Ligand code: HSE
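What follows is a single chain, given as structure tokens, in the form predicted on its own.
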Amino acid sequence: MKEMSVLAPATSANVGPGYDIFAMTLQEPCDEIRVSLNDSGKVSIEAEGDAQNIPLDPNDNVAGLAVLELLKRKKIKKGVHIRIIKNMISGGGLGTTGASAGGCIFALDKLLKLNLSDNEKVDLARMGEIASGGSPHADNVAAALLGGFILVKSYYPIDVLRLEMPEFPLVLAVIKKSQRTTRGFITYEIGQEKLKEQMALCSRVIHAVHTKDIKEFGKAISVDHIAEPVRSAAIPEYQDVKRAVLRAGAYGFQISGGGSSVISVCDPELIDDVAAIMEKGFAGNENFVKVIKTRTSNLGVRISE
């Protein structure tokens, strides 16, 4: 086999208090990625669909960087062509970079019969994230590759734990970033009391996943003292919409991934109401794209039928 097409799902990383260590997979949207081998000895990329100025130089592209890292580590001389068919918005906290990098590593593992472990695939795919945010974080790529709820147990070495995720209804307001990344503005000087609360909230998130408690999950993800204060400042309507959504009965509301998209968890009967509040609340934001009604998912990257 010299070619493979895969579906790579959107993800929501950080998941409340779990900055760079939590992520969860979304049922939709998904990108399609086609990877083919050739004898050129080079990596080439093309993108179609909602491509939005995706860089095609492999050294500047998340999928390209991940593939280059795999070829270097495994001393493989083959050429690789990557075709990315975008169905989700880039630069909005949907984990599109992790989907591209994870999808390519998954496909090459199969095509080259490398039999990589999950941690090896995550470690390779995360190298692509340097092209988007300057940091090889593992949360998004792990959720895209493996599905479910991801806990990064260790960065040195990479060790991720996948948990089965209850199927929680989600409403996602897709908002493009007004700047490429806010990561450099985030401070870790949050003080002793907030630090203890952040650690306690992480425990609550994991407990809620294990017990399938949607209400507890929503409450636990709604508070974040590390990333939310910085990233919400780039979304003028954020606090007002958050208050309105929680007042309407949703269990949780938080920034998705690196922003500026936001995500809410609620009971199925509230999905339309929450979606309407988000539509109205963010209508004046020039970077607002649309609202998506989706669910959490346990399906990661898979071969496209």
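As the structure is a prediction and not an experimental result, all values here were calculated from the model. From 1 onward, residues are counted along the sequence shown.
One more form of this protein exists, namely the form predicted together with the ligand; it is left out here, but the text below deals with it.
Heavy atoms within 4.5 Å of the ligand in the model of the complex map, among the stretches 193-201, 157-165, 134-142, 74-82, onto 134-142 alone. Although the partner is absent here, F288 sits far enough away that none of its heavy atoms falls within 4.5 Å of the ligand in the model of the complex. In the model of the complex, at least one heavy atom of N14 sits within 4.5 Å of the ligand. Contact annotation: K121 falls outside 4.5 Å of the ligand in the model of the complex, judged by heavy atom distances. At a distance threshold of 4.5 angstroms between non-hydrogen atoms, G258 is in contact with the ligand in the model of the complex.
Contacts with the ligand in the model of the complex, taken as any heavy atom within 4.5 Å, map within 18-36 to Y19, D20.
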